[in-house]
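One chain is shown next in structure tokens, namely the form predicted alone.
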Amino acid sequence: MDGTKHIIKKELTRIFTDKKMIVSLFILPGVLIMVMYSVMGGLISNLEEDIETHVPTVYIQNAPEDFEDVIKELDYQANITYINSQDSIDSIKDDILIGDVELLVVFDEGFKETIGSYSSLGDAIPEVRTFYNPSEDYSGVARSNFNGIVLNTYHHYLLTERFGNTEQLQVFHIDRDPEAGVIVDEGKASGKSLSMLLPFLINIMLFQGAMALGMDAITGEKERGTIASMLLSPIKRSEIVFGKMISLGMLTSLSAVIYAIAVVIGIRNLSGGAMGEIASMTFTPLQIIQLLVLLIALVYFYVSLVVLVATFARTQKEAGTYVTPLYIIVMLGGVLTMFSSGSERGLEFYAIPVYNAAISLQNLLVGELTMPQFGVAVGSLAILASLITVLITRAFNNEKVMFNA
């Protein structure tokens, strides 16, 4: 145990006495995350504001006379050009395609006459066609606003003209007060959107921390030659392994906490609403314990993976090459939860490394993590990490592996 304590102290001292290491491992990534999300938030806000304030260019063909009056009453903001049936619309469609025009609205010829002559089932019903470019934000919003504001109002106006009192057409109402019928679990609702994103981010942040620290602590020391003197010291090699892994776990957890704070602040700048959701989330004592145990098991597993790769690698460059496929697998495990259908998963899924941590965190955030699921996830991670630790210890006892012979 004394040897393990000595290694832990040595590793922590090495990191926290190196200003460049502190900046590169803890400060710079957090700052970059906050800056990235803040810039993204600013760009998204500017884009949304630009779309909302943009005045669209709209062409309307064969517009009925009373339709123009409706538009004036609504004070619909657009650069509107009225054309008749003799005008070609091909050039307008081309302009929509390149983004110079947002919307073309075409009324059937004799629109009002057709409506006025309707008397029985089977008579002709006129059509209003809209032409827009869904790949252009301005065009899509212009069509949506025109249909929702102008055409719906005009539709109601024509119904009133035909029937007089349109209340006769209303047989019943559906949810006059939509909020009155909402039955929701507040805890689950507040964690629902975060449960799609946070498991992915937590997995990535923990693995990144383990990867950055682990390769330097093992392969880096091989390259610098400092690990040779450590191996020749009276400290047991198993104690060196445990000391390295415990210190790496502590440092990885610290870096993950820093990254998590940076992500929370960044998401707040990105969406403006995530902080409110996080603030409204509540956890029971059992859920807090489950979260801590799950994160400890996950950190142990990721540290053991990285240390195993770093132990067999000759250089940090080589270690980075070996770790990259593992990093991709970790990303994939987190991404799968982002597109989860929410269907019931069997316990066997909670035994799959990486993926089990992501789905367990997802269930925990919405208050649906059961004890069997928790037990299988933590147990499988701990068992696999223990087996990897045994392999690492054996590798440390192999002179050929440790001295790059």
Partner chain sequence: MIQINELTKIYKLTKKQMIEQKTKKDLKRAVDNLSLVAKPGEIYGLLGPNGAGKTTALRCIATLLKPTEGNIVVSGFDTVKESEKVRKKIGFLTNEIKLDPQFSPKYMFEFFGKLHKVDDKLIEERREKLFSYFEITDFQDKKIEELSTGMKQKASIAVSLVHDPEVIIFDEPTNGLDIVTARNVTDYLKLLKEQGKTVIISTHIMTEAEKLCDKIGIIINGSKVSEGSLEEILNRTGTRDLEDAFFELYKIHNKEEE
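Residue numbers count along the first chain shown, from 1. Please read all numbers here as calculations on a predicted model, not as lab measurements.
One more form of this protein exists, namely the form predicted together with the partner chain; it is left out here, but the text below deals with it.
- Remark: Ser386 does not count among the residues lining the partner chain in the predicted bound form, judged by a heavy atom distance of 4.5 Å or less.
- Residue contact check for Ile235: one or more of its heavy atoms lie within 4.5 Å of the partner chain in the predicted bound form.
- Contact annotation for Ser229: at least one heavy atom lies within 4.5 Å of the partner chain in the predicted bound form.
- At least one heavy atom of Arg314 is located within 4.5 Å of the partner chain in the predicted bound form.
- The partner is absent here, but in the predicted bound form a heavy atom of Gly225, alone among Gly225, Gly122, Pro134, Pro325, sits within 4.5 Å of the partner chain.
- With the partner chain left out of view, the stretch that reaches within 4.5 Å of it through heavy atoms in the predicted bound form is, among 109-117, 235-243, 291-299, 93-101, 235-243.
- In the predicted bound form, the partner chain lies within 4.5 angstroms of at least one heavy atom of each of the following residues of 379-399: Asn397, Glu399, in sequence order.
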